[in-house]
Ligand code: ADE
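Below sits a lone chain in structure tokens, taken as the form predicted on its own.
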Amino acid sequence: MDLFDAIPKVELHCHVEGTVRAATVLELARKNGRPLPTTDPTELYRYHSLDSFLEIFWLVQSLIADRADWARVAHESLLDGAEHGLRYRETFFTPARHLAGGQSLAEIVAGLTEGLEAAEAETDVRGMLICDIDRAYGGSAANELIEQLGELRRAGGAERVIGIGLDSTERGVDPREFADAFAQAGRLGLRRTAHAGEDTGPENIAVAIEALGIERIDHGLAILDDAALTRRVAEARTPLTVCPNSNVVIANRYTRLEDHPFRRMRRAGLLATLNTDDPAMTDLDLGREYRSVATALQMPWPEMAAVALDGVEASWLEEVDKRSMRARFERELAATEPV
């Protein structure tokens, strides 16, 4: 096994819709009678900006038409991750477009749950779910989504859903619009995170912390532009789920991986973790994420091992499970460390 594949990993920023294999996209399109711009799987995932990426992301979303489709993509997602050191993942799913198209949240969650359970039975990986709010649909839709999720949880149909998030484009959207939904989620006992500072300045991170009560920050690239905010987040050990290759390839935030601030974030004391975001759409996997970041940012093995262990701390596992997983990771890392 490749050295970087062998590192045991937690992943906290990965969208299940962004893990769909190109071949599966073609099969889902045929199954559901949906046209594609190309039938060449090597050409499916081509984009030049965050907005053009989102168009492809939304296209893939539109192909996931029923419970069986959700089960398939969740199943394949964990299987693919297991090959590259994944041990535990908290996976985003964004149901807004599907709900607007007539799918039910209960069927979406049931399909995802079935897929995760099937993969867990075949691998050494555990998976949980984070229900993402799509900013583009606004605060009212977010409130309705959390209400539905609460009803589903009370009926025992959403045990895998442990948190909520906030995704899609940041520009032109005030995070405060979703304060009620996040407060309601907190009352339900759901954990809370949000994409912030990916395509905007540090003010969006600060607003998300203060107005939404988030416990994790997804991306958070702009945080180093605000020294006081950096110190505050570092002292609170608020995790950041950073996706360096995505920030280069999808968001075009940086021209080269060598320019990414991930190592500087960690040296500033931030609990910055390493994640793939949308691996199928970026021709990526967790092993390649770790390997490319280590190479580009000149991070030696001890730093990469620390990144893996910090993933455990940043997770929403129960404390007893964190201790058990950390001990396991430490054993595996000691056995893998190059001499």
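Residue indices: 1-based, along the sequence shown. If you're wondering where the values come from, they're calculated on a predicted model, not measured in any experiment.
Below, we refer to the form predicted together with the named molecule, which is not included among the displayed structures.
- Here the marked residues S168, H195 and H219 all reach the named molecule in the predicted bound form, each with a heavy atom within 4.5 angstroms.
- Taking non-hydrogen atoms only, L54 approaches the named molecule to within 4.5 angstroms in the predicted bound form.
- Among residues of the shown chain, S77 is not one whose heavy atoms approach the named molecule to within 4.5 Å in the predicted bound form.
- Though the partner is left out of this view, L50 does reach within 4.5 Å of the named molecule in the predicted bound form, counting heavy atoms only.
- Residue contact check for H15: one or more of its heavy atoms lie within 4.5 Å of the named molecule in the predicted bound form.
- The chain is drawn here without the named molecule; in the predicted bound form, the stretch among 309 to 317, 65 to 73, 34 to 42, 273 to 281 whose residues come within 4.5 Å of it by any heavy atom is 273 to 281.
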